[in-house]
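In structure tokens, one chain follows: the form predicted alone.
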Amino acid sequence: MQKPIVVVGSLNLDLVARVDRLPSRGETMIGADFKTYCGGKGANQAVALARLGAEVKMIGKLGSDIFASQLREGMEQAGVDISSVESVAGSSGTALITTSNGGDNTIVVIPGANAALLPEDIDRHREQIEHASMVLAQLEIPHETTEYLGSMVRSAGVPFLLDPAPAYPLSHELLESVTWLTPNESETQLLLGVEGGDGSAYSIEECADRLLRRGPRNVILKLGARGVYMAGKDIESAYIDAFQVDAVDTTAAGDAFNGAFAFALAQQGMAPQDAAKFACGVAAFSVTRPGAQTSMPTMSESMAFLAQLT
């Protein structure tokens, strides 16, 4: 019997304003439209997995507000097992997103109920975490919870994919528990302590090498429209090119990549480079549609899309 993939992380309602261009500091401008979408990095990655056909369980927290039922419904419709998503008093997680016609965005996350996901909650779900084919996590939950999860999966020998977003300096102990670390360029610079975060301090290869020396087994650097760069103990270093598409909304492209990569690696048995290429295709498809979870493709959509581009 195939082991499920477990996602530990955030659930947010995304409040999305679309504008012609992103506003400058202090600028007020008229938006083109406004919509709400189910989001949160954890939930996005769980939905990406479920849409592709993975068996996936979500561990997280929702509030007692009107957003909670919408978020639950979105995940259930996608096929995510949410029996381990618990409720607490107060607001659910929220993200304020501004996206331009060119697909760029800015995001402000308000944790809400996500801040109530604590180490004792991880303990209650120890059995399903320790019997997962892979565990995915992000950094929209409390730091101590992610640290505790890292120690648990390391002791159990479960592959651990960590998306270090929103980025902050990570302990050596946590990084040593990570099988796949998947930062984007700005997150990479922050993890390396580079001032300015403009990506110019080190080459991509040097960034990967410096991150690997801090503890993770493998790294996948997400380079946006340029694809990804992979390096580590389980793979030969390689660039995987992105698929060129007309972007509508890049909000959850990284989540689409992580979900697709985990699915391909843990439940489809693909080699890492093949899994990364597949994940680049899924991420490319996702940016052609608006929203976070609504942009995640099914397996049939992904295969048809990839067939057109290859």
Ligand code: RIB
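All residue numbers are counted from 1 along the displayed sequence. Predicted, not measured: the structure shown is a model, and the values here were computed from it.
There is another form of the same protein, the form predicted in complex with this ligand; it is not shown, and what comes next is about it.
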Contact residue in the predicted complex, from 80, 97, 174, 211 (heavy atom within 4.5 Å of this ligand): 97
Position in contact with this ligand when the complex is considered in the predicted complex, options 190, 231, 88, 107, heavy atoms within 4.5 Å: 107
Partner-proximal stretch of 23-31, 49-57, 246-254, 267-275 relative to this ligand in the predicted complex, 4.5 angstroms, heavy atom: 246-254
Partner contact for residue 39 in the predicted complex: this ligand, 4.5 angstroms, heavy atom: yes
Residues from 139-158 in contact with this ligand (non-hydrogen atom within 4.5 Å) in the predicted complex: 140
